[in-house]
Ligand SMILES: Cc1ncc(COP(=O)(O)O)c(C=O)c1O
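Only one chain comes next, encoded as structure tokens, the form predicted alone.
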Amino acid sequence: MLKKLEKLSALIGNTPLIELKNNDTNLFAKLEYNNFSGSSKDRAAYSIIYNAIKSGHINEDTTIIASSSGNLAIAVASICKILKLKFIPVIDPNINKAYESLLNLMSYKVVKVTERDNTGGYLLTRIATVNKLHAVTKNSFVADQYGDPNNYKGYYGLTEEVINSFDHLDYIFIAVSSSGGITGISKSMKEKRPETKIIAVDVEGSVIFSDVQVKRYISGIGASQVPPIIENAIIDDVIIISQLDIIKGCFELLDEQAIFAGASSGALYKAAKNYCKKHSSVLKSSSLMIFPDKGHTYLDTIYDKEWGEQLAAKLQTSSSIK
């Protein structure tokens, strides 16, 4: 199995780096959606599964179980398909329809939770379901993107790619969810380029950096619990962005840069532009954004103007009730 995985490693990493049109600062983007299964989570999934096989926690008969809102599940499903391993993703209603359909094609079984947790999200319900499945499934392994250090270690290679591309870099903007990306990049970057500032971008309603409860409808960014691995991250500043601004950011990224990307990328683009305007120190500096995935799985949500209008109405109603 390790030999099969090592062949796959050639299709993960060394993703394109492009410079964006921007008058305020030198703005660059790392296009992580060019990885094997279409997202930055390929790095995490590969690292988690490779090290679990190497340590003897996964063999040819192991069933892999994972909680995921989309990209991690797709990445793990792709690897399990290659290795001919059974995979059970635990998903929730915020998952994109295309991803849900794909997981139903690629997985041994898909489990979908529908009950929100006490934060208004689904993450805690998903994790509880994963733990129950793990307890009753013989020879099973949990691909734990929230607590397994091999998640963030999978991003050390991305840091090397960035360092090899820049003689000097002032800021890196990274969206947070399971927090493997920001933990791995910040930890390894600060060891080699401590002057580079790491800016975390989160969404309203996420509890990673805030206790303000807002029901979240957009997948791929934010979390209903603080991921344990983020304790290893070294973060210089945090930006909390609204769900409606994420939608605006996605459309601005498409209109201004011709980049059709997912929710996290739109959040980063909007946040980085606003940050540049508010902080004079960022002007004419060099800033990098990590774009995790493409936008095709968000066609029924973020890129659907009717869906966006309905979301705005829901959030307005919720705000009025409060």
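All residue numbers refer to positions in the sequence shown, first residue = 1. Predicted model only: the values in this text are computed from it and were never measured.
What comes next is about the form predicted in complex with the ligand, which is not displayed.
Comparing 293-301, 23-31, 250-258, 48-56 against the ligand in the predicted bound form, the single stretch with non-hydrogen atoms within 4.5 angstroms of it is 293-301. Remark: Ser39 counts among the residues lining the ligand in the predicted bound form, judged by a heavy atom distance of 4.5 Å or less.
The ligand in the predicted bound form is approached by Gly180, whose closest heavy atom lies within 4.5 angstroms of it.
The closest non-hydrogen atom of Tyr171 lies beyond 4.5 Å of the ligand in the predicted bound form.
In the predicted bound form, the ligand lies within 4.5 Å of some heavy atom of Gly220. This chain is displayed alone, yet in the predicted bound form one of Ala143, Val176, Ile199, Leu158 has a heavy atom within 4.5 Å of the ligand; that residue is Val176. In the predicted bound form, the ligand lies within 4.5 angstroms of a heavy atom of only one residue of 235-267, namely Ser264.
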